[in-house]
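The chain below stands alone and is given as C-alpha cells, in the form predicted alone.
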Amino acid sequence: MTVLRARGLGKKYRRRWALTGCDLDLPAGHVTGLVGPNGAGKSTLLGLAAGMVEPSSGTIEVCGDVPGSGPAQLAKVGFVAQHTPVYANLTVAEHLRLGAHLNPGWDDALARDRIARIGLDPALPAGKLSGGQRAQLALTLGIAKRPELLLLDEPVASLDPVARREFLRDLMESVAEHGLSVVMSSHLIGDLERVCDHLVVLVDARVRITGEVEHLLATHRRLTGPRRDVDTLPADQHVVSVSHTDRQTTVLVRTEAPVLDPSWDVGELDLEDLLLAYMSNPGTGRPPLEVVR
C-alpha cells in the first residue's frame, strides 16, 4: 500500500521552483527519512503533503485522496511544522482539550500519559514553556491524533539528547502498535539511522534517490584504485561521486552487480557516506534518478 504518491509534483514561488518534477511512491507502515541541504524542498514537500500549500504542477495523493480535500482526509494526516507552533496563551491542558475537540480519533490516554512522563505542567501556558518543551507538546498533539500518516518537519531539532531519544522511542512504538506511517525530515543522521527504514534524498528541488535504507546501502560501493577515467567503468556502475589525486581515483558507484575489476579496492558505505555523496553532488551529467527498492 502506498501512503503518498506524487507524479510530476512541483511548487513554484514567483520565479523559483522550490520543488520540481517530483515522482514518489512512499510505502505505508514505514518511517521515511526526508533528507537534503537547506533549501532543497523538504518543507515544501511536507507542506504539499499536509495540504498547507497547493502544487504548481503535477499531482499528489496522500492516504488515498488529495491533501486537505475534506475532514475525512485531514483526520488521516498529522503534521508538526518545523517551528512547532502552539498557542502561547493556552495551557498544556487546554491544548489537549482542543486536540480532543478537533480530532475524532484522539487518544486522550496517550496524550496525558506522555505529558506526565515528560514532566510538563498541565496548568502552564505554552508561552511559558522552553523551546524544547513546546516541541514536546506539539509532538504529543501530532501523535495523539492517531493519524495514518504523521509528517514531521525537523521535529527533534530543539530537543536535548535524552528528550530526543524518548520521542524517537515513542514514535517507533506508535509505528509498531498502530501501523503508523511517518515522513520525517531531519539533519541528524544518527536519528535517521535509529528509526528510518526508507529514505528520500532531495537536492536542488529534485528527488535524487529514494528507496529502502537497507537496499540503498547494499547497492552502493566505494571503489579505490589507480588513477583512471571513470568513463571506462561498466555501464551498470552509475557514478555518484568521484575524486582524484595524482595517483589514485576514488569513486562512489550505484550498482546491482558485483564489482569484478581486481584493480579496485571495494568498500561499503554507511548512511552518512551515502547521504553526503548525494547532497554534495547534484548529479549534473550523471544518469537520471532510479528508484532503489
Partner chain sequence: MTWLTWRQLRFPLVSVYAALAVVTALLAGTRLVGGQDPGDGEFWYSAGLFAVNGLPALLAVFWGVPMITRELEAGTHNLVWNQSVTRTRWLAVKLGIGVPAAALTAGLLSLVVTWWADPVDTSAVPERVGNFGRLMTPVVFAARGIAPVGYAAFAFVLGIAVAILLRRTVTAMAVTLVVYAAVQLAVPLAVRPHLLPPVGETVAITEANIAGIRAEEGGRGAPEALTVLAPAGAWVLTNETVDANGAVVRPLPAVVGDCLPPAAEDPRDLDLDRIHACFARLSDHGYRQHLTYQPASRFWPLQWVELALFLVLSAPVTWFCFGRLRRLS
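All figures in this text were calculated on a predicted structure; none of them were measured in a lab. Residue numbers count along the first chain shown, from 1.
Keep in mind that the form predicted together with its partner chain is missing from the display, and what follows is about it.
Interface membership of Pro37, defined by any non-hydrogen atom within 4.5 Å of its partner chain in the predicted complex, is ruled out.
Although the partner is absent here, Ile115 is not a contact residue: none of its heavy atoms lies within 4.5 angstroms of its partner chain in the predicted complex.
Contact annotation for Glu148: none of its heavy atoms lies within 4.5 Å of its partner chain in the predicted complex. Contact check for Met52: a heavy atom falls within 4.5 Å of its partner chain in the predicted complex. A heavy atom within 4.5 Å of its partner chain in the predicted complex is found for exactly one of Pro104, Gly179, Gly131, Gly190: Pro104. In summary, among the residues Val175, Ala81, Val203, Leu168, the only one with a non-hydrogen atom within 4.5 Å of its partner chain in the predicted complex is Ala81. Contact with its partner chain in the predicted complex, defined as a heavy atom within 4.5 Å, is made by none of Gly8, Leu26 and Ala28. Only one listed stretch (154-162, 94-102, 182-190, 203-211) carries heavy atoms within 4.5 Å of its partner chain in the predicted complex, and that stretch is 94-102.
Residues Ala75, Val77, Phe79, Ala81, Pro85, Val86, Tyr87, Asn89 of 75-89 are found to place at least one heavy atom within 4.5 Å of its partner chain in the predicted complex.
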